[in-house]
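Take a look at this single chain, the form predicted on its own, given in structure tokens.
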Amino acid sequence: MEFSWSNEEENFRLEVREFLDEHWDAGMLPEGPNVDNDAAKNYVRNFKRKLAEKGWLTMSWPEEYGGQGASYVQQMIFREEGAIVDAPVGGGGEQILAPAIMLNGTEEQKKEYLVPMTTGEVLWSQGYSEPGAGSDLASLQTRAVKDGDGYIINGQKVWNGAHRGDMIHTLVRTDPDAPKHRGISYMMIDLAAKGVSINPLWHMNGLGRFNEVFFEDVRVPLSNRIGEENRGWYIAVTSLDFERSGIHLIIGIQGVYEKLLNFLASSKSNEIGIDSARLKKIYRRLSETTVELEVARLLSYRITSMQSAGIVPNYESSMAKCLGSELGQFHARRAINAVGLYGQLLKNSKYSILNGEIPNSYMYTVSRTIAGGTSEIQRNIIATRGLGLPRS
């Protein structure tokens, strides 16, 4: 198969690239205990407003909800270019919550929540996972008890970006006696509400964070529930399939890979003891990354092709996610082995190479096969839904 982009698609890619060069700087989002997080959040909010002015923030939404009705291919190009520079061109609101509201929300919810997403005014965080309910998400225990015209919520969520959000969309258990998939409801919660607390959890490389969010007697109005009570699992499950298409995983690998190749081709590689014989061995190993990146990219493009044809990806998304996650770990290991002991030096060392990106990548990719659904879960989906194998 010969794959190519149309002139229109190539021009759009160039336009997005130039826009990001002018308006986005990932260096404006430092992480650390002493960082002014409000300033970073405002930087993201202002950037999303600029995307909204271009019509790109919600470009694939139906026109009746404020979108452009753009093609999935155009949307994928946009997200691919955003991933290259680590820009927030998608998010838990635009990509996951919005479809849930469009398909299952009331007219009041569509007016109240969709419009602020189209303008970038409100930032959303996804709050599904819990310390004891990650890949087995249906085991979640955060409890919502009906009380008059609202719910009282108690529990804990983890693996989220709540420190950069105004609202969180989450799953809670509203019927503890029902089978675990059937007693879950989909809620929207204001992160500034009384009883909500956000504690940082730092990545092992020290350069980023996620959070644990605690709900202590948090009151949420009934109008913040999406769809029927106890039917939240079925609303959320389709969104998870779209989350796993995986193009951002591939781009994250490619950036470090290309920098490593440039380093190896320079005189600096010889300065750290990489002679021609060793260089040949390194290139042979890295050639596997070249092939795997292309396969993973095409799997992600396949997801886009299916969406364009009106097909909801299922096991195909799990294939792309599984390969993208594991390829990140494979390449990080190849990269750190390629440069020897220098690969262990972080950016604060005067002897580090590539500004310490190789060890940072190596440590960060540990979570890749856990976050977003473990590789074991993805393989189960591929086996049962893709290959038709029986459950053991």
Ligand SMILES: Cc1cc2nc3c(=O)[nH]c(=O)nc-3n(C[C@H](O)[C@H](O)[C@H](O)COP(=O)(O)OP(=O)(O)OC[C@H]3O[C@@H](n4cnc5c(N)ncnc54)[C@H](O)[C@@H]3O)c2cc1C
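Start at 1 and count along the sequence shown; that's the residue number. The structure displayed is predicted, hence computed values, not measured ones.
Unshown form predicted in complex with this ligand; subsequent notes refer to it.
- Put simply, of Val73, Val158, Leu114, Val218 only one has a heavy atom within 4.5 Å of this ligand in the model of the complex, and it is Val158.
- Checking Asn42, Asn337, Gln68, Ser367 for any heavy atom within 4.5 Å of this ligand in the model of the complex turns up a single hit: Ser367.
- Only one segment in the set 83-91, 120-128, 102-110, 305-313 has residues whose heavy atoms sit within 4.5 Å of this ligand in the model of the complex; it is 120-128.
- Using a 4.5 Å cutoff between non-hydrogen atoms, Ala371 counts as a contact of this ligand in the model of the complex.
- Residue contact check for Glu18: none of its heavy atoms lie within 4.5 Å of this ligand in the model of the complex.
- Taking the partner from the other structure, this ligand in the model of the complex has no heavy atom within 4.5 Å of any heavy atom of Ile382.
- Contact check for Phe210: a non-hydrogen atom falls within 4.5 Å of this ligand in the model of the complex.
- Contacts of stretch 266-301 with this ligand in the model of the complex, defined by any heavy atom lying within 4.5 Å, are made by none of its residues.
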